[in-house]
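Okay, here we've got a single chain as structure tokens, the form predicted on its own, with questions on binding and movement later.
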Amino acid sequence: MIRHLLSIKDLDPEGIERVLATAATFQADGPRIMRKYPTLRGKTVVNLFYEASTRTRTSFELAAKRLSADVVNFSVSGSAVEKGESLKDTAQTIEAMGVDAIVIRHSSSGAPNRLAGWVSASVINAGDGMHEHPTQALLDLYTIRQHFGSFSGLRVAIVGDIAHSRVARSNVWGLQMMGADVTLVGPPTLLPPRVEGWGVETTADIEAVLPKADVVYLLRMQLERGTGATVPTLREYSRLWGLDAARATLLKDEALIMHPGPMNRGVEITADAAELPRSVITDQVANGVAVRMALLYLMLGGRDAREEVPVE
């Protein structure tokens, strides 16, 4: 298994399949993983989060603890970072403590790559700037495969703020790697530069895409990154590119609605659309624990999960 996960491209299709299959083993008894495994007993995982997070940090913490690892949660607030400590200094401090893995989220693209060059521990990218979020892509791939079994020929529409989205980048590359066709939907102001090099279709017409889509993946409008200035108003954005229950009727019966969270309800998706039976948004959250367990298990443990005996 790979030493670091800095990009979804660090995995080939076989590697992705191995992560997904291992996650399914942990989830064999249902989406809520109640058992605890001894695999990573004696290992230490540090969650190094320079940006606020609820889902990702908690998911990694639960995943590590379910594998019996010790977990240290590091946040910028109240740390030496507020006193001017650099990422390299923080990395060297953590390295001196003898940890086994560092899960990092940072506002600067490329920060996990720099960190990986400074430490001997495994580094997992939990989101860096507007670059990538590979574990989100893995849990999304897992969720899609739960429903369709295969990615070959699936049509996935990714809608919204693609320019600022690390989730979009990792998902586009992961989905393409596994054989799905991807269409990016949104206003031209929210498409990234040189998007023609991504190998995807692009359109501003969401209603033309929805009837053909197997999955509609709605992205959060990242207002903290200034995306509100790229559209006339949020109400206008919602009218043209948001998903409500009425617009969702354009989807095929078996199509899925996905969102990485947190949702701006009433902007990219309405409450009624988020709660439709075809919505798998809460499934994504549950699956995130299993997928991150699988990743930590394979990177730090390395055995076949089917041979693992739970301790409770």
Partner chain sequence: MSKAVVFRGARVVDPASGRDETADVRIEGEQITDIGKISTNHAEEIDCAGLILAPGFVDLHAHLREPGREDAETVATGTRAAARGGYTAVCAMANTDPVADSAAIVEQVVALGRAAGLADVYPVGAISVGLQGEQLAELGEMATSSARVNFFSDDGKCVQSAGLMRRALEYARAFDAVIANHAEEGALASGGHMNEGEVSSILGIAGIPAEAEEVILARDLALAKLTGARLHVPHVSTAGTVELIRAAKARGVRVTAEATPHHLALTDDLVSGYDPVYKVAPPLRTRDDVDAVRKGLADGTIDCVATDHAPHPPEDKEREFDLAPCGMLNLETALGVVVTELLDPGLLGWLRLIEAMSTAPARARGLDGHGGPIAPGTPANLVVFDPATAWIVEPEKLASKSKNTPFAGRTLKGKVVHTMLRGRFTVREGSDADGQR
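Bear in mind the structure is a predicted one, so any value in this text is a computation, not a measurement. Residue numbers count along the first chain shown, from 1.
Below: the form predicted in complex with its partner chain, not depicted.
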TL;DR on 138-146, 94-102, 237-245, 166-174: the one with heavy atoms within 4.5 Å of its partner chain in the predicted bound form is 166-174
So in the predicted bound form, is its partner chain close enough to Lys88 to count as touching (4.5 Å, heavy atoms)?
yes
Heavy atom of Ser152 within 4.5 Å of its partner chain in the predicted bound form: no
Pro211: heavy atom within 4.5 Å of its partner chain in the predicted bound form? no
Could you tell me if Leu190 has a non-hydrogen atom within 4.5 Å of its partner chain in the predicted bound form?
no
- prompt: Every residue in Ala111, His131 and Arg194 with a non-hydrogen atom within 4.5 Å of its partner chain in the predicted bound form?
  reply: yes
